[in-house]
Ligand code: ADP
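Heads up, the chain below is alone and in the form predicted alone; it's given as structure tokens.
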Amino acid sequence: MDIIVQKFGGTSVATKELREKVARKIIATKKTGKHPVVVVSAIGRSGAPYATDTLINFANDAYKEYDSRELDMIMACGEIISAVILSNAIKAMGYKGIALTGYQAGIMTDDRYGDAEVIKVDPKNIIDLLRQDYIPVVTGFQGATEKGDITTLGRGGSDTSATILGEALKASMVEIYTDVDGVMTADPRLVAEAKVIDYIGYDEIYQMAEDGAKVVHPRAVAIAKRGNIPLKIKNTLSDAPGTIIHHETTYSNKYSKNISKKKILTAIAHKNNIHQVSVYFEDSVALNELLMNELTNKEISIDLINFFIDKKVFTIESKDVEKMEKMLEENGFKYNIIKNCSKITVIGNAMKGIPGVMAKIVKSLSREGVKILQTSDSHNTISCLINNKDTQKAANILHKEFNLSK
């Protein structure tokens, strides 16, 4: 049985016209002899009547405090509505659609409400339905505990649902449908010359997702890599071929025989509203331990970490800045915070062992007046912290410098 998991996000099912277009795509897959299993997000984005954030706001307007178990129940409603509506769109076209909750699809989780971990997946119900010629439409973003309590999987949970089902069903492909033609070399809203990447490895797309690209959730990429399942990023609104995500050697050998020599860089990603924190003190085991313990206790995540003898420099997200300032004041630390920064990251497995990449980045940005506040690198990334106002300029400079549009 050749199973294809197809995940459609909230914007893909936001209107009746779009849902009918999605249903036709699903049925077209069915007509090829494959067995589609569909995963859907809640209809629309924040502000739409049944979007997840709208449901949360509705609950909070009624009562300010909710038990996390009950909050998961109301958050799960958006996907249930979406699954029922889309399955009926499929039925209206003469095919056997059937809506399933995460629990009915066999997704079992722990009881960490709001960000549950999938413990196991029992695909028996889905397989039985496929054998009866049904097209299952599964609610993304959710599962249930062994007791049957509804849980949600955290942000990006529908991507996680799709890949975890793909792994359990031994699917030949997981297709993630979105509003772009595929994974692009940079955010097209910033870089007009950004182009679609035909093939990319798991590690590179994981890094892109971690560093700000919104096309697929990093947790979903990790699951797909673990299960050795190809991902395909496609556009709901077009018939563009999309982007294949797989092991690098696999996609270069299997999916294309005409891939030219790989560029040093594959793509550029960015995150805005980052704040740089500098904490000043002479090297001291006690102060180091105090700082790190306080960061842990206050649940403040840090990035771009550079520790020197007389200061510790790192970045935080904007949501943590007030908590950070309060913690530093209470403990008497001398500090400085530069707000409204952007982390711009170049990504490419081919840069490993290639000298001069950092120098080229620094020279090209400095030449055009982009001030670099901090840098960090790994075997396949180089990140620069810059001012928010320079983000678009820097992305275009680097995109051109490394010929990513060709």
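Owing to the predicted nature of the structure, the values given are computational and were not obtained by experimental measurement. Note that residue numbering follows the sequence shown and begins at 1.
One more form of this protein should be noted, the form predicted in complex with the ligand, which is absent from this view; the next part is about it.
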If you check T178, T145, T315, Q207 against the ligand in the model of the complex, which one has a heavy atom within 4.5 Å?
T178
Could you spot which one of V277, V137, A186, I90 gets a heavy atom to within 4.5 Å of the ligand in the model of the complex?
A186
Taking heavy atoms only, is M73 within 4.5 angstroms of the ligand in the model of the complex?
no
Answer for L100 alone: is it within 4.5 Å of the ligand in the model of the complex, judged on heavy atom distances?
no
Please tell me whether any heavy atom belonging to P218 falls inside 4.5 Å of a heavy atom of the ligand, as the geometry stands in the model of the complex.
no
Indicate whether K34 is a 4.5 Å heavy atom neighbour of the ligand in the model of the complex.
no
Please tell me whether the candidate spot formed by K170, P230 and K232 is one where all three residues come within 4.5 Å of the ligand in the model of the complex (heavy atoms).
no
Please name which of the stretches 208 to 216, 123 to 131, 287 to 295, 318 to 326 has residues with heavy atoms lying within 4.5 Å of the ligand in the model of the complex.
208 to 216
Sequence order please: the residues of 1 to 20 with a heavy atom within 4.5 Å of the ligand in the model of the complex.
K7, G9, G10, T11
